[in-house]
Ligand code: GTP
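What follows is a single chain, given as structure tokens, in the form predicted on its own.
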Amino acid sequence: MKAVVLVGGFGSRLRPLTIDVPKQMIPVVGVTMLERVLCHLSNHGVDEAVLALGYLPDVFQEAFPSGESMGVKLCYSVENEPLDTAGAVRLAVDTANIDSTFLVVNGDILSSFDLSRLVKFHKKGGGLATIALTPVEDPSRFGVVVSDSKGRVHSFVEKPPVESAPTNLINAGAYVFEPEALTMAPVGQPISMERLVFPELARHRELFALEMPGYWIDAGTPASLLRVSLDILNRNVKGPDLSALRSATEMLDGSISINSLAFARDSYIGDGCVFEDDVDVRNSILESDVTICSKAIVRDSVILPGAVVGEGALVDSSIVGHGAVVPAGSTVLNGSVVSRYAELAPGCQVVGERMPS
């Protein structure tokens, strides 16, 4: 089966981590966000995926020189200008000559959904498209999808008040399509899936929806990226594509320098990490080649590849970007984000900020 993976966005919500890298190429506990999405697709019978590219397309192509990842053959559809969601899918379908039922997923959404069940439901319903739905506590932040007992979609209600919302089920960013569903989207034209294609399909009674149980998160913000990383670390989500590859208790393989006085508990430690004297790392993700200097403390945080946490520094509930330096005596707290390759001022305090802003 084929799938289209939407990875063309600018990653604005994750700035400054995405200034020079697409968000789907940020590692999430040892492997990139995109690789986790591809692993999930592979587990449900997808053997070929079209990456719908826009922002920094060369980064994806250079990352997978063999044209394969996680057992999935890759091909690339590159937008010359932003085409919106339906336009991007339409170009991908045309580029890859997709002529049968296919999946579409957003590349920044991680879930444990049974996509095989979604495909089966779609084929049984006989419509042109099927949307996966997930429940949320506060539907007023989203557009909700209203469907009948057989799953046929009747309407979409944008950000309804909680007390009057007809449902709490929202579009989960995973779909099954027949190629004919996109005939209203000319190749090369910017067209919205949510504002045009889905309402038009619903008007013709060709759109279905299915509530999918299981873990779901839009990992496109710093808060949600930190949350999903810690959820994976703490085994709060199940499935081979949503599991940590190695913990601190499994890292004594010679690839990591651990001083005898260092302490690391309940954490993921990537290859090439260096721990100096008296460090204290707890419930955190340290990607490859991270250095934790003497007397530094890291709590409930994500430290991306090549970053340095300086002597006596404290990082708590925050993300430190690729190659960034948190200088000696500094503190980074309360959901802060330090940009890729940033070097903060020694002894600074960063509380709930994005640096540089």
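Numbers follow the displayed sequence, beginning with 1. No experiment lies behind these values; they were computed from the predicted model shown.
Same protein, other form: the form predicted together with guanosine-5'-triphosphate, not shown, and the subject of what follows.
Heavy atoms within 4.5 Å of guanosine-5'-triphosphate in the predicted complex are found in exactly one of 78-86, 133-141, 276-284, 147-155, that being 78-86.
Of the listed positions (106, 267, 111, 229), a single one reaches within 4.5 angstroms of guanosine-5'-triphosphate by any non-hydrogen atom in the predicted complex, namely 106. Using a 4.5 Å cutoff between non-hydrogen atoms, residue 340 does not count as a contact of guanosine-5'-triphosphate in the predicted complex. By the criterion of a heavy atom within 4.5 Å, residue 309 is excluded from the residues contacting guanosine-5'-triphosphate in the predicted complex.
Contact check for residue 303: no non-hydrogen atom falls within 4.5 Å of guanosine-5'-triphosphate in the predicted complex. Mapping the unseen interface onto this chain, residue 12 counts among the residues with a heavy atom inside 4.5 Å of guanosine-5'-triphosphate in the predicted complex. Although guanosine-5'-triphosphate is omitted here, in the predicted complex none of 2, 38 and 49 has a heavy atom within 4.5 Å of it.
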